[in-house]
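Heads up, the chain below is alone and in the form predicted alone; it's given as C-alpha cells.
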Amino acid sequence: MSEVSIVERGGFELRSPVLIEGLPDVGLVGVISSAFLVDQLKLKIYGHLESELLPPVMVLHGAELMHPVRLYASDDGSLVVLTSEIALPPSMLAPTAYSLVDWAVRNRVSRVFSLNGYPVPNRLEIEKPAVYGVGNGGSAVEYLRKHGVEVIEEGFVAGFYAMLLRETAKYRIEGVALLGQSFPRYPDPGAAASVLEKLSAMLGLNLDVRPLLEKADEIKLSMRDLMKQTEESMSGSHKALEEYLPAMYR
C-alpha cells in the first residue's frame, strides 16, 4: 500500500492524457518547466498529493491556501502536469512513483514525460543546452529518436525519474525522460527552455520559451531556497545509492 495518495478535485474528464512530471531535481529543470507549462497553457488545478511523509508546509498564492505538490490539467483532459514547490524527502520518492503510476493506469495515461536536468561541469561555456533522452522500453527509445533526441545508451539513471520509468514499464505505459544540460547546483532556466522546446515539438504545443529566458535572472533568485532544499534531499539519496553503484559510476 502506498504512503502517498492523489486527491482529485473533480470536474475534469481525462481522455487518455499525457502525464508530464516536473518535480525538483538537478538544476530545478523539471520545476521551472512544469511551472511554465501551467502558466502558458493556462492549466487548472486537478488535484494534489497527500502524505504524512511531506513536511508540514502549505503555500499561499493570491491569498489562496494550496498544497505544495499539485497536479494541473488542461480543459480538454488531454494533458496533466505534476509540479512541486518543495523538495520531496527521499523517503517519499518511491511511494510517490507507485501512487502516480497507479493513478496513470486507472486513468489510461497514454505516455509519461519526466523533465530533468543533466549536470555538466562546463555549463557556463554552453550557450544552448542539448537535450538527451532515456526511454523505458524499445518503443519509447524509438519515439525519442524519431523526434531527434539523442538517447543515452550506457550508464545508470537515479532519482525519482528512474523509479517512474521503471514503474511505468511494468504496466506497459510508454515513459521517457528529457534531460537538458544544466548547472548541477543552480536553478537553470536555460536548460528548462531547451527541454520545453523539445517537448513542445514532440507534443505539438507551440510553446514560446522567450518569456522564460527573459525572466531567467528573476527565476534564479526566486528559486534559490528550493534549490538548497533539493540539494540537501538529493545528497541524502545519493549517499544511500553509492553503496549499490559500481565504482566507475560514482
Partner chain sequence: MSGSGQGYLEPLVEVKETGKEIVIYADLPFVDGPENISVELLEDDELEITATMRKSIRWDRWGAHQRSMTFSQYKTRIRLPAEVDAEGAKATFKNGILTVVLPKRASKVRVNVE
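Positions refer to the first chain, counted from 1. Keep in mind the model is a prediction, meaning the values are calculated, not measured.
What comes next is about the form predicted together with the partner chain, which is not displayed.
Though the partner chain is absent from this view, in the model of the complex it lies within 4.5 Å of a heavy atom of just one residue from E64, D39, E218, D208, which is E218. Across the options 41 to 49, 218 to 226, 66 to 74, 196 to 204, residues that bring heavy atoms within 4.5 Å of the partner chain in the model of the complex belong to 218 to 226. The partner chain is not drawn, but in the model of the complex it has no heavy atom within 4.5 Å of E154. Shown alone here, G30 lies farther than 4.5 Å from the partner chain in the model of the complex, counting heavy atoms only.
For the partner-free chain shown, just E125 of 125 to 145 comes within 4.5 angstroms of the partner chain in the model of the complex, judged by any non-hydrogen atom.
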